[in-house]
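A single chain comes next, written as structure tokens; it is the form predicted on its own.
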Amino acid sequence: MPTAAAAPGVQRRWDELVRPEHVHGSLYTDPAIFQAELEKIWFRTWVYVGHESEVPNANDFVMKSIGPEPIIMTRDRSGQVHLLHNRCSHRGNRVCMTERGNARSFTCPYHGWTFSNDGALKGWPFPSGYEGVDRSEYGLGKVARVASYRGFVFGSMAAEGPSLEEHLGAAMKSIDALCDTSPEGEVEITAGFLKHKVKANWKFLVENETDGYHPSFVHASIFEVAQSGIGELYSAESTAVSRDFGNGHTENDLRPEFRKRDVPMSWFGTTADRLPEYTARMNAAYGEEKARKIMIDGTPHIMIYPNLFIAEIQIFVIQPLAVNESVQHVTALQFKGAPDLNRRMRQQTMGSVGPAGFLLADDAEMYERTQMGVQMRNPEWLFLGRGKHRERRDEDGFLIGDNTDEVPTRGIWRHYRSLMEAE
């Protein structure tokens, strides 16, 4: 493998760092590349911020982020959701240090400037000192574009660009499938988040989420203890597939295995008769035939680029802090109108990715070991060619491969390169 043609610098040839089956190790370690990613990905494209159910009432707020920047997601008294920069327009201090709450306004602790929860400046102390100053020009900064799809709120700091629907593309169907698992067609994010900080570049986390190659090895211990049958979904014999939806969105489609089993709720490792209330509500909502199909297919395993991972029973939100430091925010999914299922969702989430859970700890160990590895100079390229010879198109035209193939990883990097090359 030839070396990178030029030492990384501010002006890069991204085709010299991202190739069809290889990526250069400096993409995970170069601080200048990380800064370029903030500008071209995190501060330009659509980024998942939060869910409407996290601010259910007028004047509710919750602290979120876009990349490393803190964002306050608020619902004003009229019900509109806002994404506000947590930065006083006077001297830059943070106006909110509380994770969540209910407040009509935020007051900067430094000089007492007060802002309403839609970002407008309400007032400043000792107003005689601001004679002739237009107060309307000094509200909190607002994220340029805010849009929501089925309760999932996304923000873009770029005033212009593709719409959220254009960005999500085929991923919208996966969100639809997720919401349809609720008898009332709605997801709720109400279980509270755990935060896992790792000393690793954010892109390792993105790649890992739909990497179907590693589970049989990294998670072998929890699969054996739980005896859930999940490990079989990621074996060489599995009929499940990996898929590249485009725009960086990728998935492990496990439905072929669940359909082969033909047992409702097997995706959750249980049977419908053990969740009689949920099953009855699904039948009432969709009719028995459609409800059975939904309960066989289960929920998606999809990475919505660049930071939302829907993992059957949980969602993960990826936050980059530095070139070698990231946070995964994780919570159990909750389905509106499904209290018996939700209770088990929370229990399984705590068991798998909670403080004593193995699943995320296994991944975190791999992230950090890999981050240490790419700092070495030889070999300087990473190989992403698994399954290239059997990569193919599905009936909808999307690239697919076996579930253990690196179809998703190659798709992620193609999209990454297109974003970094864009003017």
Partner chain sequence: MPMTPEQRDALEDVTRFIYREARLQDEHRYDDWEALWTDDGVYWVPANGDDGDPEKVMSILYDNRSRIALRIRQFHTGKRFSQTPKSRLRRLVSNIEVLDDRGAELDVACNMMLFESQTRGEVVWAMRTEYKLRRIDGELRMSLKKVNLVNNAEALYSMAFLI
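Computed from a prediction, not measured in an experiment: that's the story for all the values here. Whichever C-alpha set is largest while still superposing within 1.5 Å between the two forms counts as the rigid core. Residue numbers count along the first chain shown, from 1.
If you look for the form predicted together with its partner chain, you will not find it shown, but the lines that follow are about it.
Of the residues 110, 138, 217, 130, just one reaches its partner chain in the predicted complex with a heavy atom at 4.5 Å or closer; this is 217. Contact with its partner chain in the predicted complex, defined as a heavy atom within 4.5 Å, holds for exactly one of 208, 279, 348, 247, namely 348. In the predicted complex, every residue of the candidate spot (197, 362 and 369) has a heavy atom lying within 4.5 Å of its partner chain. Figure note: of the listed segments 114 to 122, 258 to 266, 187 to 195, 286 to 294, the one touching its partner chain in the predicted complex, with heavy atoms no more than 4.5 Å away, is 187 to 195. Taking the partner from elsewhere, residue 96 is found to have every heavy atom lying beyond 4.5 Å of its partner chain in the predicted complex. None of the heavy atoms of residue 31 is located within 4.5 Å of its partner chain in the predicted complex. Proximity of residue 224 to its partner chain in the predicted complex: non-hydrogen atoms within 4.5 Å are present.
The closest heavy atom approach of residue 387 to its partner chain in the predicted complex falls outside 4.5 Å. Residues 325, 327, 330, 331, 332, 343, 346, 347 are the members of 320 to 347 with a non-hydrogen atom no more than 4.5 angstroms from its partner chain in the predicted complex. After superposition on the rigid core, displacement of the C-alpha of residue 354 between the shown form and the other one amounts to 2 Å or more.
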